[in-house]
Each structure stands twice: as structure tokens, then as C-alpha cells.
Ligand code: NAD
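Before any questions on binding or motion, here is one chain by itself as C-alpha cells, the form predicted alone.
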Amino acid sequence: MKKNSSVLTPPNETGAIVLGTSFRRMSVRERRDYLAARLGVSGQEVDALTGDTNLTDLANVMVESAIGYMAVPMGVAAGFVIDGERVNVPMAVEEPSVIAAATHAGSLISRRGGGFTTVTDEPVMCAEVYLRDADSIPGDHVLKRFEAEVRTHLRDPLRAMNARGGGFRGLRVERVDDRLTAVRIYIDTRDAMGANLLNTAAESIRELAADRLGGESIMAILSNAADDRTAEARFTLPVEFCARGKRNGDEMAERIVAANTIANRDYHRAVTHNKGIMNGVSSLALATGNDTRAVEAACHAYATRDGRYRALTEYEVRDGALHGRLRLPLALGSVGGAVAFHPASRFALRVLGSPDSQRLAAIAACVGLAQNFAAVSALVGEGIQRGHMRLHANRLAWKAGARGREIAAVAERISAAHRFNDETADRMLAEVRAEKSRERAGNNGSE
């Protein structure tokens, strides 16, 4: 690689490489080779960023200063029945227990409880213009005239969305504080998440808003809150099917309700409780090329909608059954952005049956509810670590060098020994391979 003084800058005081302004103008290979050389990165680590030239080029189109891509494992949680239809759910995630838990809970609820039912809002999103030192909130007559002007002003920016049945749905003007006023415009984005459209719409009316309402326009941007774009999932499971280990169904159902109550009353527990829900929701969002950060921000904000951070789920025991419910703001798109751009996300949507945005949100809510039910059931049953460590054994086996069928054989021995460390994995792999060698030698002798 040709040296460039504006790129090959010395490490800073913390020892980190300082990347000059020309780094972004290198090719993907040049950036990767430069970092590998300076950091002493191994061939295996570099190879993990490459492998498919087309995907490397795609990475360079999708993000700034790309050096490759990180392949997150994608699996399928099978066996969900949602609104009477069987659904297989693609999930992209690095945590080993997530897909296993979703599959178990989704299948149990679908087989024994008839599956999940859902309700979704229309896909309406909000874009906002913030004004400083605006006049007082105008009366209804002035607001109606302003709304009519905004509708007319947005006719061209929203022409394509109007043709698809979406478009402008109204506005509100609200005081945020003594100096700040928000103009909130509501747009039905149909099957798109709609970020670019919303930002364009907000920026196109910022001058109009300042002219009609007074004051100075500070910024125009969408809101990821998505409070008007929620999806709700429910299930009903006879208590006998909640039984786990030594605890019968009645006891387990009562303990699940108690665990949810704890998450409603204790902020510290609520954070982890809701993180478990997002294990499912974010994995599906990532698999389908959606914005996981926006979804997570909206959901966690929604958990504070009454002024306290609390559980997003609700459980109760009624008429001999456990009833579970989850409602979330879910601005998920099935067209546009990376959703339609990345081949893996297109594949994932095909696995889901090519859903529209509302159906995709409904599925995500069901996966989040199933994920939570699985986690809470384990927590109030035998505990969370037994299942986690069993799956962790597979990773230890692979790290030790096991491949193919060796992985399961080594992991089984690690679990049986109840010693989950590298030393045990190395020893168990050596044992498995020694037994295979003896077996081959015996077979050769018998021939």
C-alpha cells in the first residue's frame, strides 16, 4: 500500500491509532490492510471481515470508511402461530440462548395455547419542527388554516406516499416550555419505516412554520418515539402447561405474575426484564435490515410513559390460564432503506412470508412476548444459568478447536463435568479425538 502522510499518523497518547483525513478515501482493502498491519491483527480476524467481494462492496456503499463486514449469526425460530397463521421467524443475534428460547416459548404457546393474537396501529409517524420564541399557540381557526397550508405544501414531497395510500394525517402545535414550541406533523408511511421521508417533510415546512407561528426555527427532524405506531401481542396458556421441573403449573403461573410485578416496582429489575423482550424484537429487526437503535430507543422510552420505568409486559392468571400481553411502539419497515437493499434482509422477509409493515410489527411483538415468557419462566423455575451454560459449552468446544460433530460431543462432556472453562474444553476434545483414533484403529484391525 502506498504510504500517505495524512493517514499514517502516529499513535496518540493513549496508544490508539490516529486516522488522518485520507483514511476514508482509501479502498476497503487498503483501510483493512492498514489497520491490520498497525494493530498486529491475525489472519483469522482479518478473514472474518471478508470472504465475499460483493458484500465488501455493499459494506462500502452502506457505511462510511468501511473495512469489511461483521457477519452476525442468523437463525430461525420455528413453530410460531400468529393470528392463526404459522410463522417462521428469522433472527440475527450473537447470544446463543435467544433463538432457542424464542423457539421453545413460541412453539409451546402455539401448540398448547392456540398461538398469539395481535392488534396493530396504522403506520403513522411524527416529524417535528422546533421553534424558539414563537407566538402564543394560535386559536383553532388559525390552526386549521395553517394545517391546510402544510397539507398543500407537502403535496409534492408526499406524492408517492399518497399514491400508496399513506400521506399527511394532521398536525399539532404544542408548547414544550416557556420559549420552545413544537410543530408535530403526522404522516402515514405505509410499509416504510419512513425516516428519510419524515425528515424531508419536516425540513420542507420549517420556514412556513416560523413565518406563520413566529419565532426562530431551531431544527426539523423525525421522532423515533413512534407512540402512534404500536403493536400488541397476546397469548392465553392453560396453567398446566406452565409447569416446569418440580413446580406445577399453578405455582409457575403465579410466580411468573410475581416476577412481572417485581419488574413493575423495581427499576433495576425492569431494565433487564425489558432487555429480554428486546432480545427478540431487536434480533428480528436486525435480520430484516431495520434500525435496531431506533426501535430500542422507542421501546425503552415507552416503558416510562407514565413517569416510571417499568415492565413492558403484563401477566395475569384468570379462568385457569396464564394471560400474557405486550404492547410496543414498533416502527418497522418492509420496504425502503437497508430493508430492500441488503440481500440477507430480503431473504429474511421471504422467510416471513413477505409481510407488510403492520404484519412485521405484529410478528416482532409476538417474538418479544415469547422471549420474555421463556426468560421469566426459567428465572422463576430452575434459574437462567443452566440453559445458558449448556449453550456456552458449544462455544467453548469450538474455541478449543472442535469442528463438525465434535462440537456436540465435546459440549456434552463439558456440561456433564460442570466445568465450563478452556482447560476442560481442551481436555474433552483430546478425549473425543483419542476415542475416535482408537475406534478407527479397531475398525482397520477387524478388516
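Residue positions are given as counts along the sequence shown, with the first one as 1. Since the model is a prediction, treat every value here as computed from it, not as a measurement.
Form predicted in complex with the named molecule: not shown, discussed below.
**Student:** 107, 248, 199, 88: which sits within 4.5 Å of the named molecule in the predicted complex by any heavy atom?
**Tutor:** Checking each option against the named molecule in the predicted complex, the one that comes within 4.5 Å is 199.
**Student:** Which one of 238, 114, 215, 337 is close to the named molecule in the predicted complex, taking close to mean a heavy atom within 4.5 Å?
**Tutor:** Checked against the cut-off, the match is 337.
**Student:** Could you tell me which stretch in 315 to 323, 265 to 273, 167 to 175, 222 to 230 has residues with non-hydrogen atoms within 4.5 Å of the named molecule in the predicted complex?
**Tutor:** Heavy atoms within 4.5 Å of the named molecule in the predicted complex occur in 222 to 230.
**Student:** Residue 191 near the named molecule in the predicted complex, any heavy atom under 4.5 Å?
**Tutor:** Yes, residue 191 lies within 4.5 Å of the named molecule in the predicted complex.
**Student:** Flag residue 195 as yes or no: does it have a non-hydrogen atom within 4.5 angstroms of any non-hydrogen atom of the named molecule in the predicted complex?
**Tutor:** Close contact exists here: in the predicted complex, residue 195 approaches the named molecule to within 4.5 Å, heavy atoms only.
**Student:** My question is simply whether residue 144 lines the interface with the named molecule in the predicted complex - judged by any non-hydrogen atom within 4.5 Å.
**Tutor:** Residue 144: no contact with the named molecule in the predicted complex.
**Student:** Whether residue 128 contacts the named molecule in the predicted complex should be assessed with a 4.5 Å heavy atom distance threshold; does it?
**Tutor:** Residue-level check for residue 128: no, no contact with the named molecule.
**Student:** Using a 4.5 Å cut-off on heavy atoms, what residues in 63 to 95 are near the named molecule in the predicted complex?
**Tutor:** Heavy-atom contacts within 4.5 Å come from no residue here.
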